[in-house]
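Just the one chain here, the form predicted on its own, laid out as structure tokens.
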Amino acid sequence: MGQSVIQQILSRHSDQKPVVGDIIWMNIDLRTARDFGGPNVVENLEHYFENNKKVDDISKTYFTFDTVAPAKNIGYADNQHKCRMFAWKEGIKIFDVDQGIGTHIMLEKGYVGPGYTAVGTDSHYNILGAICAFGQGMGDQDIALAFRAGRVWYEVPPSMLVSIKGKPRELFSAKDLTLKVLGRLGAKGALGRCIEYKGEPVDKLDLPGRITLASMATEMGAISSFIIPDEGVLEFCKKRMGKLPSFIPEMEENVDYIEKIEIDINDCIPQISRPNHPEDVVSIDEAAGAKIHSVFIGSCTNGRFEDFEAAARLLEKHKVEQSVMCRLVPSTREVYGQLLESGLLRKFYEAGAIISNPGCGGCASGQIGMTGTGEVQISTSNRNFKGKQGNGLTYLASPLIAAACAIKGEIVDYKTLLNMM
């Protein structure tokens, strides 16, 4: 019997055999705390480990401030400074409010690689499945334990296989694929499971596309999802890490998957998620014509340089509709630098967009503003629950669709989108 990807990883990070349903101790390669949840981690460390060394290995431990960066209220200002004071005292490295989203920074810096285990106070830590690393967001006490002991207890989850087949129509992006999968699985279709993806459409995804797909495992109820690295991903990891890990996960034969699902994307057009329920996914034609007031392009799901390149395919040729507020937030300082060097920043400015410093942006208590009651927004983020990005109504879509809607002031149909290109 073959091992699932999560079992392969756990077997190299525990002295116990990773049997589904068993609780084991898992060694952690990387642990972080952000400005949301980080202060509680500090309090747990100071309270429970007062007379002991507080951190197991500072070379594997980081603070990242990305949720509300810089702090826009006293609560977040206090949170960040409390973490700073602890980090300075313990010698822990901080990626402060100018650096961007923590998981993206960890990828860029080469602090995590294929087959690694990583945990943090971010509910979308499973984004690291894009390089076939295990990442999971955990509670404050669990992360405090990971800081202190370098390991956590863990119940080995079952795995499911999601196979993608078919050839979609033009302009169908990684975000559209992700929404298509989410619409099929629903909010609980992968609850408590790990997802393994396979199929030619998945294999063709570049790293930013894999980041998009992996980042929305949370919205499917999944613990994590895994995409086997291709040569491009391995080259990225080698460049950032210096060398590749000795172990690279792979899809083994005869794995006892709890479920196998096949999703056909043949002839599919771009997708959109309707307000309040990420899994309420339809084609753009089914939502076309709805008036919009604002657009957000960014987040851990679609904040890479390639995502902004996709939006620029339209925004460098058209201007944002006067009645629409279009906001762009790069995921990291590195991505912001790429926008500067490429000239895209000026093109977005000339198109009428608002460009902010790196961070989570629209997802997190309004780094770049929230929606008001009655306001309709198109967002490239991963969640559109009521209140998550304000009191308005938020649709989820790809950067290309978001840009098209910003220009037209309404949700476009597929024919209009093609004519805009």
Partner chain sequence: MKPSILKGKVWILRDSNNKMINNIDTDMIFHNKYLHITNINEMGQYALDNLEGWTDFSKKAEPGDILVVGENFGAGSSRQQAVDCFISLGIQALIGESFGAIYKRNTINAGLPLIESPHIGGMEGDKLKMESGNEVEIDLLNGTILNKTTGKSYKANPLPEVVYEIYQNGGVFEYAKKF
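None of these values were measured; they are calculated from a predicted model. Residue numbers count along the first chain shown, from 1.
As for the form predicted together with its partner chain, it is not shown, yet the points below apply to it.
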Exercise. Is W153 close enough to touch its partner chain in the model of the complex, meaning at least one heavy atom pair within 4.5 Å?
Worked result: yes
Exercise. Should V412 be classed as touching its partner chain in the model of the complex when contacts are defined as heavy atoms within 4.5 Å?
Worked result: no
For this session: Give a yes/no on whether V19 approaches its partner chain to within 4.5 Å in the model of the complex, heavy atoms considered.
Result: no
For this session: Would you please decide whether R148 lies within 4.5 angstroms of its partner chain in the model of the complex, comparing each non-hydrogen atom pair?
Result: yes
Seminar exercise, completed: Assert contact_stretch over 136 to 144, 335 to 343, 238 to 246, 303 to 311 against its partner chain in the model of the complex, heavy atom within 4.5 Å, equals 136 to 144
Problem set entry | Listed residue that, although its partner chain is not shown, lies within 4.5 Å of it in the model of the complex (heavy atoms), from T371, T61, N44, S356 | N44
Problem set entry | Contacts with its partner chain in the model of the complex, stretch 13 to 43 (heavy atom within 4.5 Å) | Q16, I23, I24, W25
